[in-house]
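So this first bit is one chain, no partners, the form predicted on its own, shown in structure tokens.
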């Protein structure tokens, strides 16, 4: 007897049906926004992640040397992969490039509620537009997805920030500060106590006094972005503030402004983020950490050898992640059960007619099962009940002798007979009430 590995999860049919509904809803919203589906490999070169995030990232990877002597890893995220894909065919792709995909990822990290070592995300990205409307569209997609999954508008928010605002505020205290390390400290600010947070900023090159003053500026900026410009006169800071304000203005027209709160302590830990970044949170505090996040990574395509190409994206987790956990806590997660439109029950030597009925019902798009185990009438009825069959079509020798089949509605128990040549006929989904 083998046990499954820690951090991985099995999904039985009922469980998977609920998760499939979450995935289908998320992908349906993406398609309505014009995002086109892609598929990507499970393995990538380790160097692609080391180059972007440093050697320490290897501790979080499922990496190994393959039979060709190559250092590879199961992909921990999609952004570097899609960047590689854009570079490979950059000249042939029409801009903006709008892609999405749903697939598993793997990270060797501490397992906790809503976080596994294998998890599924729907990644949604726009390449080739630096306009505020692209950021706003990503936020609007995310909001529409959450709404269609059943979350009330008042129960989620996007905490929006800007990496260049953080960088320029840090440099205003010390031009030699390690900006990436300091931003990683900001990203941890809500997860550690204040002394540790300030210590991390000090490790990045700020004095404790400057670290405190920097954090005070972040708090002031949350209330009034223009207040930052009154305190710090740097052209790049001005441009970053104006860009964030332009994105927020665009979200108004995209119908998502009410979900957006300026939160300059929102930083996103990955080094490739550049401009606007955001994280989604549960406003009811049922899930204390970020549900998902996204933002701009305008420099990544060029760093992979491509032409300068702005990019922005988001990646809600759809399985083994905090989004399904939030939906469960909010009471809007789909029912974990399977459903079946028809069960075609056979009694005696009726396979030919039963198979014909099943084929025609399936051709009309219905979910149909029939007996493949030579079971008794009672066993078949019990199985039909177990798979939540809405209607049972009983094809028995006695019925066929009368040129009939019996239609049974499972919920009410009502049943009636129908001429065999008229079922299913030209009806796509014939039910008991059509013949009663």
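Numbering follows the first chain given and starts at 1. These figures come from a predicted structure and were not determined experimentally. Whichever C-alpha set is largest while still superposing within 1.5 Å between the two forms counts as the rigid core.
Note that the form predicted together with the RNA isn't included here; everything after this is about it.
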- Query: What is the one choice in 38, 381, 46, 387 with a heavy atom within 4.5 Å of the RNA in the model of the complex?
  - Reply: 381
- Report the residue, out of 132, 96, 167, 76, that has at least one non-hydrogen atom within 4.5 angstroms of the RNA in the model of the complex. 76
- Message: Which is the contacting stretch out of 144 to 152, 308 to 316, 262 to 270, 173 to 181, given heavy atoms within 4.5 Å of the RNA in the model of the complex?
- Response: 262 to 270
- Item | Contact of residue 113 with the RNA in the model of the complex (heavy atom, 4.5 Å) | yes
- Query: Looking at the partner-bound form in the model of the complex, is residue 65 within 4.5 Å of the RNA by any heavy atom?
  - Reply: no
- Using 4.5 Å between non-hydrogen atoms, is residue 51 touching the RNA in the model of the complex? no
- If you check in the model of the complex, is residue 360 within 4.5 Å of the RNA, heavy atoms only? no
- Message: Under the 4.5 Å heavy atom criterion, name the residues of 400 to 428 that approach the RNA in the model of the complex, in sequence order.
- Response: 406, 408, 410, 411, 413, 415
- Per-residue C-alpha change between the shown form and the other one, residue 131, threshold 2 Å, rigid core fit: no
- Core fit, then residue 184 C-alpha moves 2 Å or more between the shown form and the other one: yes
